[in-house]
Ligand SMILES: Nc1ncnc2c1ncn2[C@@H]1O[C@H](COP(=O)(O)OP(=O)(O)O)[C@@H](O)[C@H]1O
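In the form predicted on its own, a lone chain appears below as structure tokens.
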Amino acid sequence: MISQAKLRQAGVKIMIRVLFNKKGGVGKSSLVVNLAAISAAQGLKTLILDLDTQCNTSAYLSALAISEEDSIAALFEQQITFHLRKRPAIDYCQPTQFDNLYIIRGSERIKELESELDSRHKIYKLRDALESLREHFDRIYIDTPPALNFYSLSALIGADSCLIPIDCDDFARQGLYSLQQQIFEIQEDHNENLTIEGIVANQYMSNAKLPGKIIDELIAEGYPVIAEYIPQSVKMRESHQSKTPLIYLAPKHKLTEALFNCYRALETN
């Protein structure tokens, strides 16, 4: 594994990436797991945070077996309950079965905590936790719910960049316009360093006219569309079922190659 000291000596920036779209079904969880797994396979110590109450990312990596005491809900809960000594964020980071890949597992219980966290103005607590985790990880990927709520806003406040997956239909394009404006407002009000790192065309059907037309229009409008489009494939479902990221399940498959090219494009920006 490449040490953080060597990374910093080489001028490699520690990155915190959020995958976010208010539209559901665009493949956020699949992208989070597979991009993070590629990062880990490249020798970077990589962490995933699962902020989606559906916990698909955690299920994908067999992480729901991890105790609730080490879940994202427990990390947030200690912000609104009295503790003589709060556990540091690193205590919640648990190893997966894959080398260099760690996770703070998701929890449905965060739904119960959201209102109190919001009313007690804890919106910057995740940012503080993420800053402490920069000392331990080279890359951090955050999966978010398909809504601009307390948790997705907390993630965007604490992140360096945002990746926006889209599924290349007209509803996705229309939603992208309002989403971009909301991210600009978050930049202005909370996190001036946040960037839209790229638009990821996911579940892309190259034999259909509409996806290509939409992507061409977004590029013409100046959106930072990642040049590698992620094709639709049953292999992704097989990956979910086997609970194994594609870099390990099918390293030579065209879908894996597209994901790797997407990862490489992000790392060379």
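Owing to the predicted nature of the structure, the values given are computational and were not obtained by experimental measurement. Note that residue numbering follows the sequence shown and begins at 1.
Just so it is clear, the following notes concern the form predicted in complex with the ligand, a form of the same protein that is not shown.
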> 215-223, 236-244, 35-43, 64-72: which one contacts the ligand in the model of the complex at 4.5 Å, heavy atom to heavy atom?
Replying inline: 236-244
> Closest heavy atom of Ile14 to the ligand in the model of the complex, within 4.5 Å or not?
Replying inline: no
>> Contact with the ligand in the model of the complex for Pro211, defined as at least one heavy atom pair within 4.5 Å: yes or no?
In response: no
> Any of the heavy atoms of Pro251 lying within 4.5 Å of the ligand in the model of the complex?
Replying inline: no
> Are any of the heavy atoms in Cys55 no more than 4.5 Å from a heavy atom of the ligand in the model of the complex?
Replying inline: no
